[in-house]
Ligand code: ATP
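Presented as structure tokens, the chain that follows is alone, the form predicted alone.
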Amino acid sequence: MCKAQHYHKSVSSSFVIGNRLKKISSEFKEILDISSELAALLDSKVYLVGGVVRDLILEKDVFDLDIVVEGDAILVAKEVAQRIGGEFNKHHNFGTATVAFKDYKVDFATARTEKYLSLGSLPKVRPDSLIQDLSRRDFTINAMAISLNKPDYGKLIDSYNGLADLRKRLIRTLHPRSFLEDPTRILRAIRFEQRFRFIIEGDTFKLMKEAINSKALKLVNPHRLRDEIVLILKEPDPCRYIKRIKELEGFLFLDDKIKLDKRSFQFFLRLQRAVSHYQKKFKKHRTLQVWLMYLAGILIKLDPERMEKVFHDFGFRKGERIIIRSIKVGVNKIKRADKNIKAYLLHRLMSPYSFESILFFYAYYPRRSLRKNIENFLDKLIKIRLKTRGRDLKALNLRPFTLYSKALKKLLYVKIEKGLKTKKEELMELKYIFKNLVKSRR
């Protein structure tokens, strides 16, 4: 890897953020204190590094911690996990470990340097100093550290002028080959640019465009690209991020047939409004995987074979594939709800789909009649449940058993259509339904 340019000595900044550290959660504060104590006992040094330092300076909320150890990170992490009762997982190849505690996650890593054997590949790593560890970071704003060691606890270590760039709202890479060695930094630059409303520094932007023009993202393991895309689509207002990717790179690294046009972005804006509406009106329903709906919007025009290839190559999970497939298939079927449709037919049409699919359809078709029907389903029909169960059919000595599922399904539609309220009313209808099913088999 090319050597990063040093702007300052490692502890030249006099910026001390001890007061910011006091504002983090008590659970995190306990982990930092234990890490500091253990480092002293093990003759090691520990530092808070990366994005968490950036976010502390920006006074953003902190949800995860990244700690670098000049020493044995796995040993420190194991001891921390034992003391706080957290879950411990180690990764020997990279000298890293994770401690999960309540809803928090803390990553511990041995200070290291990296060597890329080929462009876009994962690096070979070996232990090194904190300064060398910081030099392998993506951008200067993420290449700062805070000492957790007793003599200078809370002192900022800023070897690459990250604080100045943070104040200037600039995203700057640390060395000229950064985007070629790890092309996922192209997507990360866009993510930070849009999240913080920063500017990609001029030389950095030029280097990024050169990497884009050389199709550098095609060299990256698709699973790593998937992770970056998911992070982008999980950001608030992902439409801005998608638009910026289209301007700079496009989504050809997913599939060269993906073409986003004006209608695509009109849909993304409608989707953003639909999600906001759902979150306000339907709070009792489960939380949506919003990012998955945006991904479906990006992939929706691909033919099924190409879509399956994206699923396979990028390693999307089974449940994610099922939802996007159902959107692809259902987006035309759901048009049947755009009329004065009977309640039980609306239920039959909508019930096979996930909430993500339903909200996708709501955004995809802005017609008032269809949206009114979807809202009716989400507000009223989806709540309707039978009081009658299979054991009730057994108690009535109804035969054959093979008709139970069909009978209960028909009973649900009758309940919706007639507005049945009690179990007694359901059982009366059930007897009639079952009798007709038996007759139809003869």
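If you're wondering where the values come from, they're calculated on a predicted model, not measured in any experiment. Just count from 1 along the sequence shown to find any residue number.
The form predicted together with the ligand exists for this protein as well; it is not shown, and the discussion that follows is about that form.
Between F251, F267, F192, F316, only one gets a heavy atom within 4.5 angstroms of the ligand in the predicted bound form; which residue is that? Checked against the cut-off, the match is F192.
Consider the chain as shown here, without its partner, and state which of K155, H347, R371, R224 has a heavy atom within 4.5 Å of the ligand in the predicted bound form. Selected residue: R224.
Answer with yes or no whether D66 is in contact with the ligand in the predicted bound form, where contact means some heavy atom within 4.5 Å. Although the ligand is absent here, D66 would touch it in the predicted bound form, with heavy atoms inside 4.5 Å.
Can you work out whether D138 and the ligand are in contact in the predicted bound form, taking contact to mean some heavy atom pair no more than 4.5 Å apart? Heavy-atom contact with the ligand at 4.5 Å: present for D138.
Can any non-hydrogen atom of R185 be found within 4.5 angstroms of the ligand in the predicted bound form? Looking in the predicted bound form, residue contacts with the ligand include R185, since a heavy atom lies within 4.5 Å.
Report whether the minimum heavy atom distance between D55 and the ligand in the predicted bound form is within 4.5 Å. Flag for D55 set to yes.
Contact stretch among 371 to 379, 32 to 40, 391 to 399, 46 to 54 - heavy atom within 4.5 Å of the ligand in the predicted bound form: Contact-bearing stretch, as computed: 46 to 54.
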